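One chain comes next, on its own, written out as structure tokens in the form predicted on its own.
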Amino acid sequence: MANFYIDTITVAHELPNNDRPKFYMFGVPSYTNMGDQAVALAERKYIENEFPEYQYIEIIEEDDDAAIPVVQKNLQPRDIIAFTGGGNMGNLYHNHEEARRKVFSTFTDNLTISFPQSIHFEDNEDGAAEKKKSQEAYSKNPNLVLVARDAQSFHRMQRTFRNPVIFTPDMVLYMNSVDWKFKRNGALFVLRHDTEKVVKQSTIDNVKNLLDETLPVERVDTVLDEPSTITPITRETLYEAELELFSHQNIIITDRWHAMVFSVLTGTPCLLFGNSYGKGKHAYMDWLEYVNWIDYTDEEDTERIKKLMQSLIVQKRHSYDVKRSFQQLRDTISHYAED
């Protein structure tokens, strides 16, 4: 059964019968990665704030296949098709890429937007095979616009596909910052457990030992153990809980891009380490290098890392604004909506 989420109402197998143009977002996650959930939340707020004439409809990823014929039956010329953003374009996450191909190659007559993504096809047999499949699928859609969230991905998308590519920040940077004035007392390690992990355990252990001397240390991940699934109805409460957790910390040590973004939004000092193909590093350099309480490092020397952390913890919060950098996305949607 395909579930369509409209405001806070779940509608099964049917769509609202009104004259408003629809904005269909496919691939919306139900899994518990709060980075991807934050992306989905930001996408919804972006469209509802910037294009209120559109009725925003979310399609949970496991319902993509069932939803396609329903959307096809109801699709109108002004409607827009989109696929959720994140960091999974390529061959590392086959299920996401296969779903993206199906949507892009199906809805070829309406504006179709791949929301801000990082891309990585590995330099091996699987990467080459999956890249060819994606090139064939994407090329079937003359109205497809790809959005890259870092310069590395922008250039890779341009080299890989014939579709137009635009450049914006990750959607979570559209979200408003918070300043909840909580007392900070802790160091939070937010670390990967997947194939993208590259930071050495010995480096993490050394950093933990340094912080153990002065702060209570906790290790978590942005992938939650509970609940088992997240819906568009429960998402925002969990997102706010994540920001609250970050707001209580003196420093965040992470190799997750969205943990750095949550640190930006909460004014929490953060030291970011790399992942397997540099998406965090490049996004940091493109959009956040000027934020004083955030830093990126490939350093392994404990004393140098200690100096970086000491410098970060004393940095003062200052204003920042990347929302103007979504202008290319706004123009893409505006021009279509006005036609």
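What you are looking at is a predicted structure, and each value in this text was computed from that prediction instead of being measured. One rule holds for the numbers: they count along the sequence shown, beginning at 1.
The same protein also exists as the form predicted together with a further copy of the same chain; that form is not shown, yet it is the one meant from here on.
- Of the listed positions (94, 155, 248, 219), a single one reaches within 4.5 angstroms of a further copy of the same chain by any non-hydrogen atom in the model of the complex, namely 155.
- Distance criterion of 4.5 Å from any heavy atom to a further copy of the same chain in the model of the complex singles out 162 from the list 140, 200, 162, 208.
- For the chain shown alone, residue 46 is not a contact residue for a further copy of the same chain in the model of the complex, no non-hydrogen atom being within 4.5 angstroms.
- Contact check for residue 19: no non-hydrogen atom falls within 4.5 Å of a further copy of the same chain in the model of the complex.
- In the model of the complex, at least one heavy atom of residue 167 sits within 4.5 Å of a heavy atom of a further copy of the same chain.
- Although the partner is absent here, residue 299 lies within 4.5 Å of a further copy of the same chain in the model of the complex, judged by heavy atoms.
- Only one listed stretch (33 to 41, 309 to 317, 53 to 61, 283 to 291) carries heavy atoms within 4.5 Å of a further copy of the same chain in the model of the complex, and that stretch is 283 to 291.
- Taking a further copy of the same chain as it sits in the model of the complex, the stretch 306 to 339 comes within 4.5 angstroms of it through a non-hydrogen atom at 321, 322, 324, 325, 327, 328.
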